[in-house]
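Consider the single chain below, provided in structure tokens and representing the form predicted alone.
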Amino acid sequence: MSDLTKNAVDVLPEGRLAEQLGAGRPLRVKLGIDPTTADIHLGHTVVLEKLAEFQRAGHTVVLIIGDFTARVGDPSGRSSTRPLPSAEEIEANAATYQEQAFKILDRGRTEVRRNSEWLRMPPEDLLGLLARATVARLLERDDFQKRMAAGTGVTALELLYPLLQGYDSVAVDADVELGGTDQKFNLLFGRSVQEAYGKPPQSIITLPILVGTDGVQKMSKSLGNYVGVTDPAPEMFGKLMSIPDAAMPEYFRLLLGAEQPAEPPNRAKRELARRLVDRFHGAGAGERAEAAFNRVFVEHAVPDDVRELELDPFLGANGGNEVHLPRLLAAAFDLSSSEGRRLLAQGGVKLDGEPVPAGALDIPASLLDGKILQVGKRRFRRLVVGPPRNS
């Protein structure tokens, strides 16, 4: 019991989980993740690791990919209505989420479900679900109270979100549900929905929300302060080396289950980065990523394994031999053309270590051939005319 609740913020209702564990049967432990972005980041792994602990203790893990609820949008922690991804984006993200979750969970012992299985229900069933909740109860959530006080609207669709998520617990017969502290209202509401359907109400466990690499806001891809579990090893190492010293105890505790070593912050941060890179890229990957980091940030050299990018597809129309840099940057570093223009204007783009002049949007390919294109401190591509040899 103590290990399963380590690092938990809430274990509710009090005494319920101990009672369930004492019954001596495997519990059905649920976690729902909406695939609103393409990647799982380290913030997600705090809850996924807790799910894995239940799995290792012999309980049944149910991972719900919220391909239906992603179309509604979770309002938790939001000061305004979030933009919704397209159906195509949700489908693509759902596939990657599942694969990435198996970096932490045992694939063969994980029950994976999509909530579109049961939420695409007949109208009479949907009306029956809606009849089991009051508007007053739904408006109790703190996020809605703050938004209404600020004069910001709350859509009827957002009101439905906790009701739909709660029905997930009915559909899979959840005994326990996990989530971040921002999910507390949804998780507790799930108990109410279960009771309305005559089901035993679940226990809930909430876990801390990991702060992002900025050390201020929660880790989020939309905020750009995230470390993705599929980030290349050198990039993952570099991002972790950028976190503020004050955030390190939380990273050690929540991601490694350990106390920060009593040594200088830079050495402790390197250990943190090595161990996390090893976890997601295999033994020895952390040491190799550290060596690459040293070449760039200590020796100020270009990494040995810079991928090449062919210039030919980016040549101008009508046989022109100039390359439009914003378009090149978008392809090389997964940016939008507007982001590429902004980086150029800010002097954030370099060629062979020299900043590209802000007004230089079109450059002859012959002047780019063989040069190292760099954005920020950790992102490099070697530009070549003709097919790349190492990509």
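Small disclaimer: the values here were computed from a predicted structure and weren't measured. Rigid core here is just the name for the largest C-alpha set that superposes within 1.5 Å across the two forms. Heads up: residue numbers just count along the shown sequence, starting at 1.
One more form of this protein should be noted, the form predicted in complex with the RNA, which is absent from this view; the next part is about it.
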Residue 379: touches the RNA in the model of the complex, heavy atom cutoff 4.5 angstroms: yes
Contact flag, residue 284 vs the RNA in the model of the complex, heavy atom cut 4.5 Å: no
is_contact(residue 65, the RNA) in the model of the complex, heavy atom dist at most 4.5 Å: no
In the model of the complex, residue 56 touching the RNA (heavy atom, 4.5 Å): no
One stretch from 345 to 353, 22 to 30, 56 to 64, 35 to 43 that, in the model of the complex, holds residues within 4.5 Å of the RNA by heavy atom: 345 to 353
Candidate from 141, 279, 288, 269 lying within 4.5 Å of the RNA in the model of the complex - any heavy atom: 269
Contact residue in the model of the complex, from 239, 274, 113, 184 (heavy atom within 4.5 Å of the RNA): 239
C-alpha of residue 375 moved at least 2 Å between the shown form and the other one on rigid core: yes
Cα displacement of residue 38 between the shown form and the other one reaching 2 Å, rigid core superposed: no
